[in-house]
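Only one chain is given next, in structure tokens, and it is the form predicted on its own.
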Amino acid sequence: MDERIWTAALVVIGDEILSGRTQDRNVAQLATWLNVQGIRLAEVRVVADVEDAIVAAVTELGGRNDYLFTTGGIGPTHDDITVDAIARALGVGVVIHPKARAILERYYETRGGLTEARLRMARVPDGATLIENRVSGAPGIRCGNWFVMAGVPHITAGMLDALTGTLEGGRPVVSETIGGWVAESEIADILRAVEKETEGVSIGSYPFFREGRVGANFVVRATDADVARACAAELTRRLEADGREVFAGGV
């Protein structure tokens, strides 16, 4: 029986990402964290601060994955509309969460008080629960298997830490890497054959150009460490038999 594969999608929200003013770091951060939870990041979409675009993205991606994450657009300003979009996608209203309000009141007690703008960060889709934020007070939001988080990477990291161990998943993906001074196009048939013959693995090929030479690293991924090692060994054997110079751990 095939092992159940749990998947997640990420919607990155923000004009600043699309304009290039801000470089997103949450994709890699979330992918790494999800893998430890036994969940695979299956797809990512970046959308502008436009409610219709956010609603369309979360509805589509959330509908075909086990989990949906969003980053960005939950701050105190007028263009932070993620909460409204999520609520609309779920068909619920927006309410002030009493616990979120209390958290913000405490946090801002010595920082100028809880203004109307800051109170916006206590707004949640009706029925949502909170994700702890140990960095800046304003919590993240959980609506079932949808997780609405900050866009600032170190705040997102804290929210993910608070979620660690709470999501159901499968076995984490492990990997083995080998590399060689070879153009990937020259050994494509070998890669394809080894991957096809070894159940439960995928082989990624990542070319590079260094010291005036063309090479590639090959990453074997599987949920079983023994299977990954055996596949990497077989790939090494076939590449060497084809006269290729191969290095364990990549180049």
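Numbering starts at 1 and runs along the sequence shown. As the structure is a computational prediction, the values presented were derived from the model and not from experiment.
Beyond the structure shown, there is the form predicted together with a further copy of the same chain, which is absent from this document and is the topic of what follows.
- Contact with a further copy of the same chain, judged by heavy atoms within 4.5 Å in the predicted bound form, is confined among 148-156, 124-132, 161-169, 92-100 to 148-156.
- Contact check for Asp79: a heavy atom falls within 4.5 Å of a further copy of the same chain in the predicted bound form.
- In the predicted bound form, Glu234 stays away from a further copy of the same chain, with no heavy atom inside 4.5 Å.
- Using a 4.5 angstroms threshold between heavy atoms, Asp226 stays clear of a further copy of the same chain in the predicted bound form.
- At the 4.5 Å threshold, heavy atoms of Leu18 reach a further copy of the same chain in the predicted bound form.
- Proximity to a further copy of the same chain in the predicted bound form, taken as a non-hydrogen atom within 4.5 angstroms, holds for one residue of Asn35, Thr198, Asn65, Thr59, which is Asn35.
- Residues of 25-41 that come within 4.5 Å of a further copy of the same chain in the predicted bound form, judged by any heavy atom, are Arg25, Val27, Ala28, Ala31, Thr32, Asn35, Leu41 in sequence order.
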